[in-house]
Structure formats: structure tokens, C-alpha cells
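Next comes just one chain, in C-alpha cells: the form predicted on its own.
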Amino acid sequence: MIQISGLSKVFNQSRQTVWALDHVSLHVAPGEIFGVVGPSGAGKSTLIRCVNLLERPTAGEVIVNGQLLTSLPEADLRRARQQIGMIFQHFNLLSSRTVAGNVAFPLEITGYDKRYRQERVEELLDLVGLTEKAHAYPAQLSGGQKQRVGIARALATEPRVLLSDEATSALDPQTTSSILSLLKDLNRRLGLTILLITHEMEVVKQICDHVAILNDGRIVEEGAVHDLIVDPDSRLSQAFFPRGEEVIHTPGTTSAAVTFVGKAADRPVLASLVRRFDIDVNILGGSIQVIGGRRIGRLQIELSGTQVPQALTYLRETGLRVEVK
């Protein structure tokens, strides 16, 4: 649905050349929720603004829904943008318009008649749970309600793609969770492809299928969230399961990092291990988290005894990922 190839964006500031994006390539599948995560100044906002050409790239190609946007004349680009909705960190609502008026605005400027606008606005407000707020003004809304208006407005022209520019970073954790749940629901119900940027790992943890880590304008890691999480050496995995201080291992023991996924996180694997083999197990640390609706845990353990090799083989055969240190 979205293909970004060799995308670069250069700014000239105070006689200096700044590479906000440096040959970035991404491919987002239809119906996917794709997150781009990274620190402030990594180039995330520039990247997402280049997808709908609010920011014109210096080099590279952007293809959305089969259209090469970077080669379209202005009139065709305006029509193509109707298939790309966008929501913003600070909502960008029109303070002089009601909730219904804000949602109707993109329909007005694209020329839909009044009857259709009214029907579509009612449908959208019901979709985001704000029917009773139709005649309220932005100043009368909470932050979460404002963002729901922003989402409804972004969906007004029935886009295939939704871009989210730090849409939850101005919200409290509980409201963030509700907005993310709404986006996930819209993704499932409408088949909506969502590209979101964030600096919050909680966003990736809750709803993303795929993720790219951006740093200094370059992609430094990219893949399916599940695949990266279970790899102890990946940057994403280390963000969720940070390595603590280096432990001084007991002489004569074997140290291993064991990753549990799904049902394995609920099974008494280590207890079974001790009963089955002539070994002792010492747990040095670990945690279990729910990521993308799946329980994933990691334990750092020490094993000693006569059957350590057999025990490690058994762990791997049960579907666990075992990294011997």
C-alpha cells in the first residue's frame, strides 16, 4: 500500500546542509499497522510528511495505493491525497467550528453536497463514539475527545491509508490506550492501512504489526514486531527487555537467556526442567510483557549439573529461544 524508495530530505539551515532523511526505504502492506519509532530529531515527522508530500522530498519515490505521488501534477496530487487521511499530535481542529463542522470540513472542500455531508458526519461520529458531542466546540472537549474528532475528520473521504503524526504523545496513558484501541478497531473494521510515528514504545507494544527504528534520518532496524522482540540482540527487544548490569556468573555454571512466547509463557517450563534433568536452575532476572496481544517473557538463568546440554536442548525443543552466554 505504501512504498518508499531511496527517500532523502535535505534542509539548508544557516549555510549548513542537514540530512533529515538519508535514503530511507520502507514497504507497508495493505491492512498493516506500521510503526516508525525513534528519538526526537530522528526524522520521523519529516518522513510521514513526505508520504503525502506535505514535505516535498529531495530525492526518492513515494508510491501510495499504486500511484507514484512524487511525479503527480498538483491537481492529481490533491485528488490522491483524498485517499490519505492524517491525524496530528495537537489535533489541529478549527476552534470556530463545532465537532460536526470540523468533521464535515474535508467533505466541503472536496465538493460533496450537504445531505451526504450530514449523513457521513453522523456515521463517523458514531464510529468514534462522539455522537452526543456533535454540536460541541473543541474548547469543550477533553484531549482524547479532540483526537477522536481528528480521527473522524481524517476518515471523512474514506481513505485507504491513515497517517498518524505522534497522535497520542499529548495524551495521558489511559487516554492513549483508548485511542490506540480505536485505531486498532478501525484497522480491523475498515481494512485501513495505518502508518504511525511515535517515540513511545507503548504504542508499538499495543498495536503495531511491523516497526522500523529511525535514527539520524536512517533506518537502523526494521521487521515484524514479534520477530524483533524474540531476538535478544535487536534494538526493539532491548528496549522492552533492557539488559541490566553485567552479572558475575558462578564458576562452573552455564548462563542462558530464555525467551518465552505465547502459551509457553504460562507453562511451568523451569519446574519441568528441574524434575526431568539432573540440574539446578538459578533465576538471575527477567520479566513478562504483553506485546501485540501476546505474552512474551525473557529470563536470565544459570544452570549447573550433569545434564545441562540435554536441558538446553529440551528448552529449544519446546519452542523456546535459548541464547547461551
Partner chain sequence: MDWSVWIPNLSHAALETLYMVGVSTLLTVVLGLPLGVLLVITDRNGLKRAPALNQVLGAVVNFARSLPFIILLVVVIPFTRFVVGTSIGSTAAIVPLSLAAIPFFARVAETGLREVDRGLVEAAQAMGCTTWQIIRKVLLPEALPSLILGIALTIINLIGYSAMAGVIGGGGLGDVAVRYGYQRFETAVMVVTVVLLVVVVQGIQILGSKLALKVSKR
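Numbering follows the first chain given and starts at 1. Treat the numbers as computed from the prediction; the structure is a model and nothing was measured.
Just so it is clear, the following notes concern the form predicted together with the partner chain, a form of the same protein that is not shown.
- Taking non-hydrogen atoms only, residue 226 never approaches the partner chain to within 4.5 angstroms in the predicted complex.
- Contact annotation for residue 240: none of its heavy atoms lies within 4.5 Å of the partner chain in the predicted complex.
- Residue contact check for residue 148: none of its heavy atoms lie within 4.5 Å of the partner chain in the predicted complex.
- Using a 4.5 Å cutoff between non-hydrogen atoms, residue 93 counts as a contact of the partner chain in the predicted complex.
- Looking at the partner chain in the predicted complex, residues 84, 88 and 97 each place a heavy atom within 4.5 Å of it.
- With the partner chain omitted here, the record of contacts in the predicted complex names 98-106 of 211-219, 98-106, 182-190, 227-235, defined by a heavy atom within 4.5 Å.
- Between the partner chain and the residues 54, 291, 279, 63, the one pair within 4.5 Å by heavy atoms in the predicted complex involves 54.
- Taking the partner chain as positioned in the predicted complex, the residues of 120-149 that bring a heavy atom within 4.5 Å of it are, in sequence order, 137, 139.
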